[in-house]
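Single chain ahead, by itself, as structure tokens, in the form predicted on its own.
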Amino acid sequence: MDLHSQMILSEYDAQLPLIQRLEQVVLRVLNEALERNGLLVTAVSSRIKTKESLEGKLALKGDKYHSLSDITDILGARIITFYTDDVDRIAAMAEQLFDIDWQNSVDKRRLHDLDSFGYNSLHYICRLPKSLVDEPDCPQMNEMRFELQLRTTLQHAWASINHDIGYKTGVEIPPVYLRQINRLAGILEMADDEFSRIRTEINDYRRRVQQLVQNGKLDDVQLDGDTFRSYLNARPFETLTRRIAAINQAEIQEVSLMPYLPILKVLGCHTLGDVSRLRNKYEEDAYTLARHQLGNTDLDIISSSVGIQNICIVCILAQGGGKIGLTRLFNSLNGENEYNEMLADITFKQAQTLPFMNH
């Protein structure tokens, strides 16, 4: 190795503590910014180029660099996202956080020809601005450049696999295998785009559902996990639950009502309109049942699910489901165990004298 490269390696040894300090700051800044902006990612990582790796780089391109500061990827940070459009969102965030060296930054997503596929990643060469980090005892912190790579999970998988089979062996790959690799790259690129498209359409669907629910057009909304969750946001069973709690002046303990989704489907609900009609039809009988259940007790804490549960109980009994139907209900809610049949028997007896049993 020539003297010039040896001098750069000496710089590396001298500046390694500073590089390590910069790494900690960059990771902290990135994680805080992601959390502040509500951006979920697969991973945030970093690495400092090893001395051995730097030696290899200098052996190949040593005459390209005048000093260590000319090597822009001594410190590298990487953010891996779920979706392609999140790469652009995080890129915008990075542009606000850091001073970007545009001349040395590259968007490798835009370098492919129309009929080519391969490595996709956005590489920014950055510095920490003093407005973000200003440590008077360490002004070099704002002078040293680092690389920030942004890519999706599938792009990262492609880069890792391609590096493993394409570069590690040091053997030129025959054209037939290169063609297969490029075909797979095209499939991954298409999958990335499709995942982003599907997410956008699902978000649009959720917004339409929320609007329909707000406008009361419940018959136009199919009953599923998303729509039921939107429906529950309006707290449709809260009035009944509060009436039941008032029987004993009980405290209400909040629980999720999502476990009732499959039960409502079994009871014949296909739309939110069906759920609303079921609630309206059996609400008073559900309250009457609760009075019989709680009237002679001193129970002072009840679950927020008591309203919808009693509606389901009344519906099952009114439809002739009997103790078997109630056992299935409790098995669905509590998991199968020996107490559900006993609970079903008690509930069935409590309901025997109530008007809806004679409908």
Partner chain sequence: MKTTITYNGNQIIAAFAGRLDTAAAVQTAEDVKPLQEAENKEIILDCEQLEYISSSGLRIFLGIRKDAATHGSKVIVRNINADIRQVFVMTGFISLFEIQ
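Predicted model only: the values in this text are computed from it and were never measured. Numbering follows the first chain given and starts at 1.
Below, we turn to the form predicted in complex with its partner chain, even though it does not appear here.
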In the predicted complex, segment of 301-309, 26-34, 41-49, 315-323 with a heavy atom within 4.5 Å of its partner chain: 301-309
Distance check, Leu343 to its partner chain in the predicted complex, heavy atom within 4.5 Å: yes
Contact flag, Ala59 vs its partner chain in the predicted complex, heavy atom cut 4.5 Å: no
Contact label in the predicted complex: Thr327 to its partner chain, heavy atom within 4.5 Å: no
Contact test in the predicted complex: Gln350 vs its partner chain, heavy atoms, 4.5 Å: yes
Candidate from Val266, Val255, Ala157, Ala191 lying within 4.5 Å of its partner chain in the predicted complex - any heavy atom: Val255
Contacts with its partner chain in the predicted complex - residues in 63-81 whose heavy atoms fall within 4.5 Å: none
